[in-house]
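The chain that follows stands alone, in the form predicted on its own, written as structure tokens.
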Amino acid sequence: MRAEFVNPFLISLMNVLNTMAQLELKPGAPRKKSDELARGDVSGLIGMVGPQTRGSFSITFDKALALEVMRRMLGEAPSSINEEVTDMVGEITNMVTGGAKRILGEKGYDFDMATPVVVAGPNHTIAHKADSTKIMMPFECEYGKATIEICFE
């Protein structure tokens, strides 16, 4: 997978969380992922299909970070991952993918976005539909970790 596909998602995630929740995430080192286990408590997954490529993107949040993002974005502070939190994760997934879609569109890559699917709970899995290498990128801040996964054919 080429960096030109990965970087727009990294940039978009940091922009969305900085703008919407005033949070700065520190990126870690990217690595390949060989299993389907999520690296957190709640994940949004979205598929993308276009004439040149197809793939999927996911973002997974630790519970504490998801709850802090909820508090900062909506002024609500639930004590657990509830329907409002999963809705927010779905919306963040949409916003990040939309931002990446705009950046990739400027480079000549066009694709349509599916509706995101959100999964929560300990040890949940993420099943990317593309048959390709999955790149996992961890992020950290004082409230916990987030991990994005990108998989394009």
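The model shown is predicted, which means the values in this text are computed figures rather than measured ones. From 1 onward, residues are counted along the sequence shown.
The same protein also has a form predicted together with a further copy of the same chain, omitted here; what follows describes it.
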Three residues, R54, P122 and A130; all within 4.5 Å of a further copy of the same chain in the predicted bound form via heavy atoms? yes
Pick from L45, I92, L104, L67: which residue has any heavy atom within 4.5 angstroms of a further copy of the same chain in the predicted bound form? L45
Please check if E76 has a heavy atom lying within 4.5 Å of any heavy atom of a further copy of the same chain in the predicted bound form. no
Under a 4.5 Å heavy atom criterion, is G40 part of the interface with a further copy of the same chain in the predicted bound form? no
Can you tell me if D87 lies within 4.5 angstroms of a further copy of the same chain in the predicted bound form, counting non-hydrogen atoms only? yes
Is D110 near a further copy of the same chain? Define near as a heavy atom within 4.5 Å, in the predicted bound form. no
Near a further copy of the same chain in the predicted bound form, with a heavy atom at 4.5 Å or closer, the residues from 135-153 are E153
